[in-house]
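Shown below, as structure tokens, is a lone chain in the form predicted alone; questions about how it binds or moves come after it.
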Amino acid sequence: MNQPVCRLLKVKMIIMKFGGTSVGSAKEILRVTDLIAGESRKKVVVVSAMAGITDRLEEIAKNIINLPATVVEKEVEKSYREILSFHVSTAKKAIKDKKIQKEVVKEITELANELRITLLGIGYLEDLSPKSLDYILSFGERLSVLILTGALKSRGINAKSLTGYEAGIITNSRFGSARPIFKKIDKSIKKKLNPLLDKGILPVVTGFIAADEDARITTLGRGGSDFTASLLARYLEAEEVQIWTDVDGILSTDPRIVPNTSLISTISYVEAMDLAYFGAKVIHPMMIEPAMDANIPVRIKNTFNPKSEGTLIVREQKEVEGIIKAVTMTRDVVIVNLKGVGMAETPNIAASVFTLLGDHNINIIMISGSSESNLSFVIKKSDLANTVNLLNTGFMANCIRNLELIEDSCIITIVGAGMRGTKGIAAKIFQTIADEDVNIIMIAQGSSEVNISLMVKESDGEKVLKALHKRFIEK
């Protein structure tokens, strides 16, 4: 009958997510604890593995399954010691309270031993299934969350470490790229986290780790930490999601190619989603939708420059600053052209092709040039071999007579809400590219009218990026 006062007053709450570079060393972890301690609002913290650890765990796992059985134990012991030593050393530097430090080191040692046993198993079996890989990759965040939680406790903050599953995120069993079961997580997230928040306990949640309905560890895929933060914000009714990273926010283009970039102060959900999907690595594209559904602003902040206002992502801007906001380039992609008169006689050929690829976790990045006898789409270069094999097995002997691949290409994406309803903008874009003596291979425009994506030769990509940025964005 007596509800907690904070619930009755609807105390404002935020989600703070810290990426791998933000917790890359003891020094960075201490900086993060300062940022958390300085935030007066009620909060939930989401944390990734320490920089480079997830990649290292994947490298170790894939290496071990290819080793002779006689050297597996030796290599596992070496890798185990490497991971254990790094995290114990970091914990001792980041956690000042000796009692808490000792407890965390013990937990780290137990987890590292669990990793060692798992690596021995896959090494002797010479088999690394997606399920096993998810389990191995989970150790990075399970270790980092212990250290950050210990560092917070050492400062007198009542914090509790949780995996995504322990925080209420339940997924399907698609290991490697699991997706939340939305009808379950609404209640489970509130059930798991609200009692902690009501007691003044700070939940510190692993980024991309969850579990299926049988409690088997799954991962939301690389970049899934952003998605976790957004999901928690949606179901806990947070007022803001903060994504803390190593840049000031979303930039108008890649600063490694165009030095004269500008920080985008405010951007819409739709624009941000397109930018994330087509090459802007600051946020994960999937994280936008939960925030957008609940109309929760997302703020990109720099852990190393917290005074910067960053980039604010909102539903709709009151004022549109410029027609075009950003230009991105996506490399390592391949155009697949399917041709054949038999395609016209095969019902739902496009749906059949895309379903086949989707069932094998191959994402279609861009579609264009579809007709009764021709279908063109773009995939990641890493998916090429599997795509060709599936198409050869499923279609080439029947309706598709010719499979053409264009590998030396890249996607240029122009994003801006101001393009919607602006006459002649596409013509100006194409003319700018033509002025650089560059041929456009393929074109696609989304129904939202806030982006135009096109393909050019990869050797022309940087030249086109610079020309478009100079004409439409630079002042």
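Residue positions are given as counts along the sequence shown, with the first one as 1. Keep in mind the model is a prediction, meaning the values are calculated, not measured.
Although not depicted, the form predicted in complex with ligand ADP is the subject of the following passage.
In plain terms, the part of the chain that comes close to ligand ADP in the predicted complex, with a heavy atom within 4.5 Å, is 249 to 257 out of 179 to 187, 249 to 257, 381 to 389, 210 to 218.
A residue is said to contact a partner when one of its heavy atoms sits within 4.5 Å of a partner heavy atom; Ala291 fails this definition for ligand ADP in the predicted complex, lying far away. For the chain shown alone, Ser161 is not a contact residue for ligand ADP in the predicted complex, no non-hydrogen atom being within 4.5 angstroms. Contact annotation: Ala280 falls within 4.5 Å of ligand ADP in the predicted complex, judged by heavy atom distances.
Proximity of Tyr165 to ligand ADP in the predicted complex falls outside the 4.5 Å heavy atom cutoff. Listed residues Thr171, Gln242, Ser79, Thr245 were compared with ligand ADP in the predicted complex; Thr245 is the one with a heavy atom within 4.5 Å. Although ligand ADP is not shown here, in the predicted complex the stretch 12 to 28 places heavy atoms of Lys17, Gly19, Gly20, Thr21 within 4.5 Å of it, in sequence order.
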